[in-house]
Every structure is written in C-alpha cells, then in structure tokens.
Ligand SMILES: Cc1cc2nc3c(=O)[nH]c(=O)nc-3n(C[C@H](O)[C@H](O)[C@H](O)COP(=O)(O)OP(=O)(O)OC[C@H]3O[C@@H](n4cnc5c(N)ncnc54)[C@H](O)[C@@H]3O)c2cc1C
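Okay, so here's just one chain, in structure tokens, the form predicted alone.
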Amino acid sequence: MRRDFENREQLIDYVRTEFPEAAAVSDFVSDIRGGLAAAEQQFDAVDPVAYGRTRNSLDGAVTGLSPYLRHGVLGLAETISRVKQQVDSPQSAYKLLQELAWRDYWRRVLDEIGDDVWEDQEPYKTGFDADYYQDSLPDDFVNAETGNDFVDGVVRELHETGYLHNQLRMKIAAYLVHWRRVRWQAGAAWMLSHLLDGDLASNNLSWQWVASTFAAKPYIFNQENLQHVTCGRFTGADADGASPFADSYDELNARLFPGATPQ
C-alpha cells in the first residue's frame, strides 16, 4: 500500500482504485481526516466536563474520537488515562469515562462470543418472536424516501459523512426495529458498512440493546424527545405533517408492543 501522496485528492483517487467495492457502496468522501496529527488535534479539543453536561444533544460537546479509537490511532487505555489527567478529579469526567468503559465492555463481550455477536443474545422483549421481523431493509428507508424528515435526513447524513451522533444511531435503530419491524441484524450491517468509526462490538451490541435482545426492554423515543435532543433540527413528521412518534411513551409502548410482558 502506498503511503505518500502529493495531496488529498491523489489519496482519494488511489483509495477508490484499490477498493472499488467500497466506492460502489458510497462515493462520498468524509471531511473527517485520518492520522495521528488529526487525532491529537481532536483530543486537544475534548472538554470532559462539557461532554458530561451536553453529550446527548446534537449541539453538545461530543469528542469526535471514535474514528481514531476504532482504527487504533488512539489506544483506549491511553485515552482513559489522558482524560483523567485533564480534570481535577475523575468524578468530573465521569460520563466520558463511563462511555469509554462501555466501549471496553463491548470489546470484552465480543472477545467472549465471537461471531455470535450477529446472533440474538436473548429473546426479544417486544412480544414478538424473531421470525416476526423482516430480514432486509425497506427500499424507501435505504433510499431516504420515507417522507419523514428525521428518517430521510439521518439516512442521507450517514451515507454522505460516514458518521452519526449516538442519539441518531439509537433512534434510527429503534425506528427500523420497532416501527418498521426489521431484524436488528439488517440495520446493524447497513450502519456498519457506512460508519467511519464502525466498531463491530459497539455497533452490534448497541443494536441488540435497542432491539431488546441484549437488554431488559426495547428502547424507543417519542417526538418530543426527538425534537429536544436534535435541537429542533428534525420535526419527526411525515410529508403530511403527521408523526409516527407523536404519542406519549405509554401510548407508544401499547401500540408498538401490544403483546409484551410489562417490565
């Protein structure tokens, strides 16, 4: 593999030529830069305290470190140690350290179960058997043609940038599994094929957590929560103004999981 290029455009052309299968999946080029210098610059901008307060908002102080952790540019243990050195006490960086600990946990689970990370770890707690869910993605979903501003916007964003905020990953997963009745494996494979920070352990086990095959109950959201965490960027409404997410959590649980055993 070549390592020296005169400019970024030459590098992009080389990668397209060497990996035509990947270029066929998506021809968009992300703005995220690789390499140690870019990783160090990203780490220097991390604010662990602000992360703890605002990480769930699309406008929040997320770290942007995941591509560098995924590809080994930054080590997980090294990153945890450096985060602790940034703050007066580990407690003030608790949420960021907790998220890094989750990443470590997912990796350890993957080491334990191997290829079974693609299998349901537990039965669904939705009131439906696994056979109830369809195996493939709906065409209107993968083509960003559902008419829902949130769904289509998130699909396009993933295809064009290779990155999604964690709240968008969770919510689009919930939409596919619980609103469209698609097996989590189809969604996980689709997302993994587009993410620049696509980590098999974090990706698949997070999809299983949303689906409830690695959790005590399914994860869902409603329109109010969607608008809050996306800072009004998405309404969650379809083209006709109605929203499949408009109800209360009690109403959504009753509608989406009519045969589920209350937790």
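Note that the coordinates shown come from a computational prediction; the quantities given were computed from them, not determined experimentally. Counting begins at 1, following the sequence as shown.
What comes next is about the form predicted together with the ligand, which is not displayed.
Listed residue (F221, F214, F43, Y51) with a non-hydrogen atom within 4.5 angstroms of the ligand in the predicted bound form: None of the other options qualify; the answer is Y51.
Partner-contacting position among A39, L58, I32, L69 - heavy atom within 4.5 Å of the ligand in the predicted bound form: The residue in contact is L69.
The ligand in the predicted bound form: contacted by all of F28, V151 and G162, heavy atom 4.5 Å: No, none of F28, V151 and G162 comes within 4.5 Å of the ligand in the predicted bound form.
Candidate stretches 154 to 162, 169 to 177, 123 to 131, 138 to 146 - the one whose heavy atoms come within 4.5 Å of the ligand in the predicted bound form: This holds for exactly one stretch, 169 to 177.
L65 within 4.5 Å of the ligand in the predicted bound form, heavy atoms: Output for L65 is yes: heavy atoms within 4.5 Å of the ligand.
Touches the ligand in the predicted bound form: L195 (any heavy atom, 4.5 Å): Because a heavy atom of L195 falls inside 4.5 Å of the ligand in the predicted bound form, the answer is yes.
Partner proximity in the predicted bound form: D199 to the ligand, non-hydrogen atom cutoff 4.5 Å: Because a heavy atom of D199 falls inside 4.5 Å of the ligand in the predicted bound form, the answer is yes.
K84: touches the ligand in the predicted bound form, heavy atom cutoff 4.5 angstroms: Judged by the heavy-atom cut-off of 4.5 Å, K84 is well away from the ligand in the predicted bound form.
The ligand in the predicted bound form - contacting residues of 1 to 22, heavy atom within 4.5 Å: Going through 1 to 22 in order - heavy atoms within 4.5 Å of the ligand in the predicted bound form - there are no hits.
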